[in-house]
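One chain comes next, on its own, written out as structure tokens in the form predicted alone.
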Amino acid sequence: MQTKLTAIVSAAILAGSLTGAALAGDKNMVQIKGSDTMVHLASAWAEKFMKNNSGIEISVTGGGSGTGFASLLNGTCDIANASRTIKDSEKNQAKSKGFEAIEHIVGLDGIAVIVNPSNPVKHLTMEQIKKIFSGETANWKTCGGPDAKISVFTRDSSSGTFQFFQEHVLAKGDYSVKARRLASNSAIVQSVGEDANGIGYVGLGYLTEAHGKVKAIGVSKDAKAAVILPSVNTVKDGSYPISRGLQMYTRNQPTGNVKVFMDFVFSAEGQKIVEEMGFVRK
């Protein structure tokens, strides 16, 4: 499956020259852009959908949720993938351009905090995570780990995961100036897997891909609360503290082939793919 998805993503990148094709008049091309967390999920949907609908082409590219919203606003995509909700400023921009950005919650996700497998730390509180990513805590011994400097890895600022984590974990505070910002979930997995003192975060769907390379730690709301590991079940029941929705946004209510594709996403077949990719069905 991974090989197929890589091929689809690569093909979609090549299709970048067709950006905005659907909006420009090619009704058989649906352009999807945005969240890197969702790019493999959307590619899996596209692969299955195109097998069942040979006359419709689906192009999927990443770049981050911010990139998806920008593309939706300037009319160069039909659907924006987003791992964060739309900002009021983006809503207002859409209205100023004569359309409404319609939200479709297509699944659920948990953000897993990951460390190197050699790290003895098994769980952290939300406050400890906040202090690590803000730079207030700089040594693992403060959290029961080795006497070693913490290497912090985050997504870049165009990422919806970056912004969600900043808002819900850092309480809208700033990331550490020493944090290394990376362009994708896969890059964070690789960096943490290669750095014995590394810590980062990835969408739940990337844990399967990262099996053995990194270790997901348990998270508790505070020192007295239960420690919860990120999983489909703990995201579904709301017990995992760092959970969120996965959204797709369209220009007004979808019509034509965009609607056909969105109907597939919400179908039993489409939602089965959500689970197969390690996320939680809506």
Partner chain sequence: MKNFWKDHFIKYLLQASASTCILIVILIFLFLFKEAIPFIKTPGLSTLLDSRWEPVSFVQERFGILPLFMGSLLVTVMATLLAIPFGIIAAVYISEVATPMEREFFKPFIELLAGIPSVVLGFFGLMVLSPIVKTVFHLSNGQTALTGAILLALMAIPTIITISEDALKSVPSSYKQASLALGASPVETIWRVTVPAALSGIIAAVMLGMGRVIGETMTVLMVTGNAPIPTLDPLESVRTMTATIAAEMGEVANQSPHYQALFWIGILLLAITFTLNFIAQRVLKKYQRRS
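Residue numbers count along the first chain shown, from 1. Since we're looking at a predicted model, the values are computed, not measured.
Below, we refer to the form predicted in complex with its partner chain, which is not included among the displayed structures.
Tell me, please, which stretch of 121-129, 102-110, 181-189, 204-212 lies within 4.5 angstroms of its partner chain in the predicted complex when heavy atoms are compared? Stretch with heavy atoms near the partner: 181-189.
Which listed residue (N257, T67, T250, S220) meets the criterion of a heavy atom within 4.5 Å of its partner chain in the predicted complex? Looking at the other structure, the residue within range turns out to be T67.
Just one of T85, T76, T137, Q166 has a heavy atom within 4.5 Å of its partner chain in the predicted complex. Which one? Among T85, T76, T137, Q166, a heavy atom within 4.5 Å of its partner chain in the predicted complex occurs only for Q166.
Closest heavy atom of T142 to its partner chain in the predicted complex, within 4.5 Å or not? Although its partner chain is absent here, T142 would stay clear of it in the predicted complex, with no heavy atoms inside 4.5 Å.
In the predicted complex, N92 touching its partner chain (heavy atom, 4.5 Å): Flag for N92 set to no.
Exercise: P146 in contact with its partner chain in the predicted complex, heavy atom 4.5 Å: No.
Does G173 reach its partner chain in the predicted complex if we count a contact as any heavy atom within 4.5 Å? Output for G173 is yes: heavy atoms within 4.5 Å of its partner chain.
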